[in-house]
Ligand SMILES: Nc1ncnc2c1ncn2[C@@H]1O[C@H](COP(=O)(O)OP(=O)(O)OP(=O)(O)O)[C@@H](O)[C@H]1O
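Just one chain is shown here, as structure tokens, and it is the form predicted alone.
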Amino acid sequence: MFNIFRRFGRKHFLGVDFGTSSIKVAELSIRNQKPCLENYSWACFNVVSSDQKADEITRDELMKISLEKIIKKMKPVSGSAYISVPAYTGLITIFELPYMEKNELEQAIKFEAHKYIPASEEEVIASWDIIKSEADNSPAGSGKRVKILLVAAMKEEISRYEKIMKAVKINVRAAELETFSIVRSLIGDDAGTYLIIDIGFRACNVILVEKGVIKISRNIDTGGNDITKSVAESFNVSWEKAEDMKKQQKDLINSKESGVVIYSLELIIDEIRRILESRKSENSSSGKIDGIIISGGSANMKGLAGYISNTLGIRAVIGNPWKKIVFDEKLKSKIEKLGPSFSVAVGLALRGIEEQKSK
């Protein structure tokens, strides 16, 4: 955490990433039309005061305690924030409808959305956007068709995080599924086609992005915690020791000597193969993937990028949410160590900058 660049005369934008095991916060500003890092910090949920035990308080209380510590350290300039909602608690899907007038389209989308959202209309917050209108070239076509991007999240889930923000006296400017924050910080306006593999503590989100538009978002119920468990079982060590081993500069994945079998990675690879096969069968001309970007707390695990590249035959790299962010060169080693773990927090703050520039 630092405040070297702090300038109270500039507009500040705060991004708060509510992860499964930690909270990460980034504060950006605009300087010379470029996003500038003003401050950052993070805290793990198990870091609580000595007179409190983690098993005696709820997860929401742990998050509040962690965020309070962060805000106390950072003293952010901005009194409002953009917050994330975990991808596995929401829904992103694309479907097609015949072209129709706007008022008719809204009704058709509401009707169609019930097929995808497993909850009542009162329980969710849903939004949609037209991502493409195109002529239907099929023999039986009747003109244009419209592609709709549908996004939904549970009201109860959003309310949880809003209460935590209120407790630390920070207003919520907007909430979004972390999927959009990740894409914003790692890809932005790049016109290529990419797969993002975001390996969180609890779950993995596989995102297919074409020309900046999310085409597929799949959540897999396996993540960094499962990778740690595999390492612990393979070496017969504690979870804490296995977590430390993941962070060391030793390749546990590709080394024949280690003999580590990480089943969670196989699950992720299998899901990616299904996505690629489905995409190829739908449109053989759109099979090319420009690259795979790995994100999340486990992304820096030695050998992971190489393993994914070799297994899928597509170049995989570790994501860099800091590539377009201006920061003090003295912090370069620290920023590189943080790597893609701040993809969501940076992406949220970048949303604020984009909204400010569009005014």
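Numbers for residues come from their place in the sequence shown, where the first is 1. What you are looking at is a predicted structure, and each value in this text was computed from that prediction instead of being measured.
The form predicted together with this ligand is left out here; the points below concern that form.
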Can you tell me if Leu28 lies within 4.5 angstroms of this ligand in the model of the complex, counting non-hydrogen atoms only? no
Test of understanding: in the model of the complex, would Asn219 fall inside 4.5 Å of this ligand by heavy atoms? no
Please check if Tyr88 has a heavy atom lying within 4.5 Å of any heavy atom of this ligand in the model of the complex. yes
Since only the chain is shown here, I'm wondering whether Met301 would be in contact with this ligand in the model of the complex (any heavy atom pair within 4.5 Å). yes
Only one of 169-177, 243-251, 94-102, 147-155 gets a heavy atom within 4.5 Å of this ligand in the model of the complex; which is it? 243-251
With the partner left out here, which residues of 16-41 have a non-hydrogen atom within 4.5 Å of this ligand in the model of the complex? Gly19, Thr20, Ser21, Ser22, Lys24
